[in-house]
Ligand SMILES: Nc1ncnc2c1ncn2[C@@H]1O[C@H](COP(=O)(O)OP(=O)(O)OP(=O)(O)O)[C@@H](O)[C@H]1O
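Below sits a lone chain in structure tokens, taken as the form predicted on its own.
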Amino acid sequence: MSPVLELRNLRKSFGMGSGFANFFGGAPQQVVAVDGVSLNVMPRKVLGLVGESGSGKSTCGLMAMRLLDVTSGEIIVNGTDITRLEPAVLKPLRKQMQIVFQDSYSSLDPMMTLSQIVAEPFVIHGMYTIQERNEIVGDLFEKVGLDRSYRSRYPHELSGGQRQRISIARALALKPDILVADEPTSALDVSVKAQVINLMHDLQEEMGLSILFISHELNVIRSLADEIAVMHNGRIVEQAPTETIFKDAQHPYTKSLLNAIPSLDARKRVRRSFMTAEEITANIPKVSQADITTTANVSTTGPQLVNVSEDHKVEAIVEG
């Protein structure tokens, strides 16, 4: 089975302080936000991409959607390389991939009614008559748990959870194969967050969506994701099926994320420990060539992502 979305060795760097550096004759500093990330989103599956703020996960999501150009690497959607397609060529392919942003308020036009917002993809792609659009929009409102009467309202009249439901309805309007959800629950309170996660779970099963779900909270996507990739400092440091991550995490950064999850069971509460970057680097696992299932570059002194089992990848230092 082929992936519906492939990110192949993606890299993104930004030039920082170029004006200041050029004034004094120096070279602008390059900051690497994403450093060689490869991910596959399989049909009808949810891949969770987890990491703290600044880890590069949202940058990966924006590059996957071609909302941000890559420095190097490839983006493959349903077998088509879209990495450097011109906008006119890319436009019809955008029907296959949609995004839900973190901030639902700023991603919705405050001057448009909710009906106009959800119907906007149809207008952009010249689809359906006005009557057909209205009927489909009403169906989409019901699909995301909103009454059809909401169609004449404006974004400021809704709660945060309701606005996110509108964002989801708009993203689903074109019946995409791929949905990128960029921290869609981070601005919501706990109860509303659970409602949105349950909604996405139901829609994923009903519509057969393939989802790249980006979050900084491991516990948020446990019930939704089939597989989790953990990102740190622009790199994938661990990737495995969801329950493997929770039961057999091997990278120190993954363990620190798990350690940060609050527990309602007093017997399971532990004193939180916060690892510094130096401690994470010092505790990167060391494996022998015989212990991994992939061919590693043993001449490389730094850590590399290797398979410690068939479906479990860990960034480790490989010793010959």
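Everything numeric in this text was worked out from a predicted model, so none of it was measured. The numbering used is simple: start at 1 and walk along the sequence shown.
Omitted from view is the form predicted together with this ligand, to which the following refers.
With the partner omitted from this view, the residue of Pro43, Gly54, Pro285, Gly36 that lies near this ligand in the predicted complex is Gly54 [heavy atom within 4.5 Å]. Mapping the unseen interface onto this chain, Ile261 falls outside it, with no heavy atom inside 4.5 Å of this ligand in the predicted complex. At the 4.5 Å threshold, heavy atoms of Met275 stay clear of this ligand in the predicted complex, well away from it.
Of the heavy atoms in Ser58, some are within 4.5 Å of this ligand in the predicted complex. Although the partner is absent here, Glu183 sits close enough that one of its heavy atoms falls within 4.5 Å of this ligand in the predicted complex.
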